[in-house]
Ligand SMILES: NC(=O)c1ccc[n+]([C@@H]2O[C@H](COP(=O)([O-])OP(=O)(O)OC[C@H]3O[C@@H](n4cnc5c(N)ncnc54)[C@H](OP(=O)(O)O)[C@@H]3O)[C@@H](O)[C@H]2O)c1
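Heads up, the chain below is alone and in the form predicted on its own; it's given as C-alpha cells.
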C-alpha cells in the first residue's frame, strides 16, 4: 500500500479503533485519530503518521472543530472509519428513553453527525466510509436490546448511505465483528452499576442482578479472546480494495457456534416471511433465489 489521503478513525483510544490506527500508521497511511480524553490524545500523537483530534461524537462543537482541523491540514480525507461506540445490557422493558438516547447518541447519531460533517471531503476524494457494527446488528441477544437496536439502525443507515452515495463513487462498507478483546464491556459496567443502585423498582431485580453477574464474567472472558486483527484486516479491505464488500461478517474461528447462530437467525427470519404467505413460492424457488443472490454477490 502506498501513502493515501488521510483516514479518520473515531473511537481510536482502545480496541478496534486503536488497532486500526496502529496498523494504518505502520503501513505509512496518514491517520486522523479521534478520542475523547486528553490522555488518549497524547498517546495517539506518539504514533508515526498520526495526528489526533479530541472528539466526543455526541458534541456538535467537537464535530465542527474536527471539520476545521481537517481543512487546516489541507490534505483532504479519503476514508472515514466510524468506530466510536458504547455498550449496554439491560432488560428492554426496564429501559427508559434516557437510557436509549445514551446509546443511540453515540452508536447512531454520533456516526451521522461525523459523516454528514465530513461528507464533502469524501465526495471530493471519491473515498470510503467504513462503519463498525456488530453481530448484534444481525441478531438480538437477550438483555442486549438497546445495543442491538442501535446496531440494527446502523445497518439500515449504512444501506441508505450506500445507495445515496453510489452516484458520487463513495463506497460504504459495514463491519460486523463477533467477540474480540475490547474495552466495551469494562466501559459499560460502571454505568450499569450506577443505574442498578438508582433503580427503585423490583420488577426486574433478578434479571438485572443476572446481567451484572454476567457482565463480570464477560470481562474475564473478553480478556482471553483474540485481538481483533481479523476485524482490522476487514477494515483495510473495505478502505483499499477496488471492489470492497458491502458488509464483512468477522467472527473468530473459535466461535463457529456464533457464526452458525447468526446464519440460522437470518434463515429463521426468511422462514417467518415465507411460511403461510399468500404468494405461491416453493422451497425449490427459495433455493434457486439463494443461488442467484450468492452468484450475484
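Numbering follows the first chain given and starts at 1. Bear in mind the structure is a predicted one, so any value in this text is a computation, not a measurement.
Form predicted together with the named molecule: not shown, discussed below.
*Asks:* Have a look at 115, 182, 173, 146 for me and say which one sits with a heavy atom within 4.5 Å of the named molecule in the model of the complex.
*Replies:* Of 115, 182, 173, 146, the residue with a heavy atom within 4.5 Å of the named molecule in the model of the complex is 182.
*Asks:* Thinking of the named molecule in the model of the complex, which stretch from 158-166, 115-123, 69-77, 132-140 has heavy atoms inside 4.5 Å of it?
*Replies:* In short, 132-140.
*Asks:* Can you tell me whether residue 25 touches the named molecule? I mean in the model of the complex, with a 4.5 angstroms heavy atom cut-off.
*Replies:* Result no; residue 25 lies far from the named molecule in the model of the complex.
*Asks:* If we define contact as a non-hydrogen atom of the residue within 4.5 angstroms of the partner, is residue 49 a contact of the named molecule in the model of the complex?
*Replies:* Although the named molecule is absent here, residue 49 would stay clear of it in the model of the complex, with no heavy atoms inside 4.5 Å.
*Asks:* Flag residue 233 as yes or no: does it have a non-hydrogen atom within 4.5 angstroms of any non-hydrogen atom of the named molecule in the model of the complex?
*Replies:* No.
*Asks:* Although the named molecule is absent from this view, report whether residue 208 comes within 4.5 Å of it in the model of the complex, heavy atoms only.
*Replies:* Judged by the heavy-atom cut-off of 4.5 Å, residue 208 is well away from the named molecule in the model of the complex.
*Asks:* Do any residues of 25-61 have a non-hydrogen atom within 4.5 angstroms of the named molecule in the model of the complex? If so, which ones, in sequence order?
*Replies:* 36, 37, 40, 55, 56, 57, 58, in sequence order.
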